[in-house]
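Form predicted alone, single chain, as structure tokens, below.
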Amino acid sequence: MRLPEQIKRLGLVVGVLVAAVLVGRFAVIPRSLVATELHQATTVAREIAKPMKFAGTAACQDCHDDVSIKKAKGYHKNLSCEGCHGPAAKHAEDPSSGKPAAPRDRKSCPVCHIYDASRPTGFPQINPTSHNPLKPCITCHNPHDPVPPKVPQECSACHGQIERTKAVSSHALLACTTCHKVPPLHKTAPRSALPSKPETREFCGACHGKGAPQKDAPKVDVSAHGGRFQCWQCHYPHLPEGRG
């Protein structure tokens, strides 16, 4: 069976295109444009040729061992020294050439600690406008061991997102300790001692069950409402008007 003339022409065109690509790939295009190992080698050489700006944390520790020991035990232990002080290669080579910059205003610390809803629960967050206004952060906090001078008395110091949600809910006037038992250790080592959470339907029923003494709280039949599910599986406690 003879192939139609159109198929022959299409095959010829495809063949020419494939041949052109192969010739261009292996005969026309210089190897320097397609060789991965050559690109890697030239990139490494280019970066090595640049002047060194950062000394690295290990170089800082050689001279500032007292600060390093304090920092290694604090909340900033995983931060690089030059993350706050800037490039310090020259200072490491010749300490008399000048000291690295030290953040002494209110602009640096809020980069990490200003309130941001995307940050993880428990991360210390502040509103710079109301939190010790106009004072440099280092007035109260040692950056190498940033423990607050006084243990925070309000949960909002670390749980800013929850506090802002709760503030616009019908639970706004409830203290956090109404529903959570907070071990004293939680204030200084929050991950080591977690607050308790209500574990039964009867807990919410103390306010919301039929016959509960709170007059303004919505009432339900705890034995039937929601079936076998916990209350928080449908109602977010910090904004109970919302449904899950």
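Take the two forms, find the largest set of C-alpha atoms that superpose within 1.5 Å, and that set is the rigid core. Numbers follow the displayed sequence, beginning with 1. Note that the coordinates shown come from a computational prediction; the quantities given were computed from them, not determined experimentally.
Only in words, not in the display: the form predicted in complex with heme C (HEC), which the text now covers.
Contact of Lys197 with heme C (HEC) in the predicted complex (heavy atom, 4.5 Å): Yes, Lys197 is a contact residue.
How about Val44: is it within 4.5 Å of heme C (HEC) in the predicted complex, going by heavy atoms? No, no contact at 4.5 Å.
Given that the partner is absent here, does Gln153 sit within 4.5 Å of heme C (HEC) in the predicted complex, heavy atoms only? Answer yes; at least one heavy atom of Gln153 falls within 4.5 Å of heme C (HEC) in the predicted complex.
Verify the contact flag for Lys99: yes if a non-hydrogen atom of it lies within 4.5 Å of a non-hydrogen atom of heme C (HEC) in the predicted complex, no if not. Lys99 belongs to the contact set for heme C (HEC).
Using a 4.5 Å cut-off on heavy atoms, what residues in 58-83 are near heme C (HEC) in the predicted complex? In sequence order, Ala59, Cys60, Cys63, His64, Val67, Ser68, Lys71, Tyr75, His76, Leu79, Ser80, Cys81, Glu82 come within 4.5 Å of the partner.
Rigid core superposition, Pro87 Cα moves 2 angstroms or more between this form and the one not shown: No, shifts by less than 2 Å.
Core-aligned C-alpha movement of Pro183 between this form and the one not shown, 2 Å or more: Yes.
So, superposing on the core, is the move of Phe203 at the CA at least 2 angstroms between this form and the one not shown? Yes; that C-alpha moves by at least 2 Å between this form and the one not shown.
By 3 Å or more, the Cα spacing of Pro146 and Ala193 differs in the predicted complex; is it closer or farther than in this view? Note: Cα gap between Pro146 and Ala193 widens in the predicted complex.
His235 to Ile126, Cα distance in the predicted complex relative to here: closer or farther, by 3 Å or more? Farther apart, which means the C-alphas of His235 and Ile126 are at least 3 Å more distant in the predicted complex.
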